[in-house]
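Here's a solo chain for you in structure tokens, the form predicted on its own.
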């Protein structure tokens, strides 16, 4: 503890001698001990070492992560998911239009085609239905009447 206080006191005394009282010219000391002056002037190169080992490595990591984010996360994750959703919806719309609606419309057209004769008979008027019942009854009686005659002839 005494050594560190002594070194600090010596540093303060030297600074006063250099810059306050001008007893020693800093230029002379810088010329006499250039390496020591450069080391002290650059503050033991702590900032340069910190920039080289920490700050620049963090910047490099940020560049790599930025590239990874732009290409992988945005490219595959965000843009890829958007492309896949658009492709899936296009495929779904095509399937719905041509397969599902196509089958349903085909079934509807077949039903419409085969129901044409029935639609001709269905008018919604009671008198038309009564006439169809009478015609059906006459046809039925004629058919069974004819068969009854054939059966009666065969019995005699």
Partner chain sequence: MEFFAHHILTVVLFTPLAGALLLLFIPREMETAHRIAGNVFGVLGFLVSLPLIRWFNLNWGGFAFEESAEWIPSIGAKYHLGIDGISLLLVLLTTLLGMIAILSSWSAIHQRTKEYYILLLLLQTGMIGVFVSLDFFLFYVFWEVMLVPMYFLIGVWGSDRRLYAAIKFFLYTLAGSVVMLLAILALYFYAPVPAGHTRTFDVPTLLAAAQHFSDPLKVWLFWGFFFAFAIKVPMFPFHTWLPDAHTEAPTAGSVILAGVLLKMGTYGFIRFSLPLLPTDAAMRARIIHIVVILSIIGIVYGALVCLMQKDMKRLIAYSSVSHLGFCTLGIFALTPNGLAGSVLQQVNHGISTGALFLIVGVLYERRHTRMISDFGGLATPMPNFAAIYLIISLSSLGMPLLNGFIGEFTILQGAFQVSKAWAAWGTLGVVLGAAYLLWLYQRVMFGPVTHAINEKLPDLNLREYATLVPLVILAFWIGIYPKPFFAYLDKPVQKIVEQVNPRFYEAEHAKLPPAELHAAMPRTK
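Positions refer to the first chain, counted from 1. None of these values were measured; they are calculated from a predicted model.
Separately, the form predicted together with its partner chain exists; it is not shown, and the next lines address it.
- Contact check for residue 97: every heavy atom lies farther than 4.5 Å from its partner chain in the predicted complex.
- The shortest heavy atom separation between residue 59 and its partner chain in the predicted complex is within 4.5 Å.
- The closest heavy atom approach of residue 84 to its partner chain in the predicted complex falls outside 4.5 Å.
- The closest non-hydrogen atom of residue 26 lies beyond 4.5 Å of its partner chain in the predicted complex.
- The contact residue chosen from 106, 68, 129, 44 relative to its partner chain in the predicted complex is 68, the criterion being a non-hydrogen atom within 4.5 angstroms.
- With the partner left out here, its partner chain still marks one of 27 to 35, 111 to 119, 59 to 67, 89 to 97 in the predicted complex; by a 4.5 Å heavy atom cut-off that stretch is 59 to 67.
- Residues 73, 74, 78, 79 are the members of 70 to 90 with a non-hydrogen atom no more than 4.5 angstroms from its partner chain in the predicted complex.
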